[in-house]
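We begin with a single chain expressed as C-alpha cells, specifically the form predicted alone.
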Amino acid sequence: MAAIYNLYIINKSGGLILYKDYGSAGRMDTNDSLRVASLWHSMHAISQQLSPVLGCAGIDLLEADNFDLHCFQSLTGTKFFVVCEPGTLHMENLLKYMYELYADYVLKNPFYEMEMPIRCELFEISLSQAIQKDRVALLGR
C-alpha cells in the first residue's frame, strides 16, 4: 500500500496549481480536488488568525483516523500538502524536497507563468521519482 495518497500544490491565492493521485481508493474529479484545495487554504489562513501563539504559520499536520495531512508553506505563500497513511513519518522533509524540485523545475522554467497550473514534464517525473523513493524507504524499515 502507498504511503502517500495525494499531493496538492496551492498558489498564494488559494488556487490549485497541481494535483497528483498516488494510490488513493478513488481518484477525485477536478471539482472535488479544487474544493479540497480551497478548503485547506481557508482553514490554514483561519488557523493563523485564531492561534493564540504569536507568529503561528498555520496548520502543519492534521491527523484523522484514516489519513494524515501534512502541509508545508513556502515563504512565497505556495502550499504543498500531502494526504498520507496515518503515522507516516518524515513527510516534512519530503515536502521540503518537493519545494526544491518546484523551485528548480517550475520557477526556473522561462515558459511558466506564476500562479498558473503547472505543466512541466520534468517536474512531474522528478516528483514521481521522489514519491517512489520515499515508498521504497518506508518499505525498507
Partner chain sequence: MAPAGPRSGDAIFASVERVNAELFTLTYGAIVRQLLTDLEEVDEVNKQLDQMGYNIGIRLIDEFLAKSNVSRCTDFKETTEVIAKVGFKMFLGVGASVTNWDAEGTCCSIVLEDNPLVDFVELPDTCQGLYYCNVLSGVIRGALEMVSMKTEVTWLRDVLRGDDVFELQVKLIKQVPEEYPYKDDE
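Residue numbers count along the first chain shown, from 1. In this text, all values refer to a predicted model and were calculated from it rather than measured experimentally.
The discussion below concerns the form predicted in complex with its partner chain, not included here.
The closest heavy atom approach of Q49 to its partner chain in the predicted complex falls within 4.5 Å. Contact between Y99 and its partner chain in the predicted complex is found at the 4.5 Å heavy atom cutoff. In the predicted complex, its partner chain lies farther than 4.5 Å from every heavy atom of G87.
Of the heavy atoms in K12, some are within 4.5 Å of its partner chain in the predicted complex. Put simply, of A103, M116, M28, L61 only one has a heavy atom within 4.5 Å of its partner chain in the predicted complex, and it is A103.
Applying a 4.5 Å heavy atom cutoff to its partner chain in the predicted complex picks out H41, S42, A45, I46, Q49 from 39-69, in order along the sequence.
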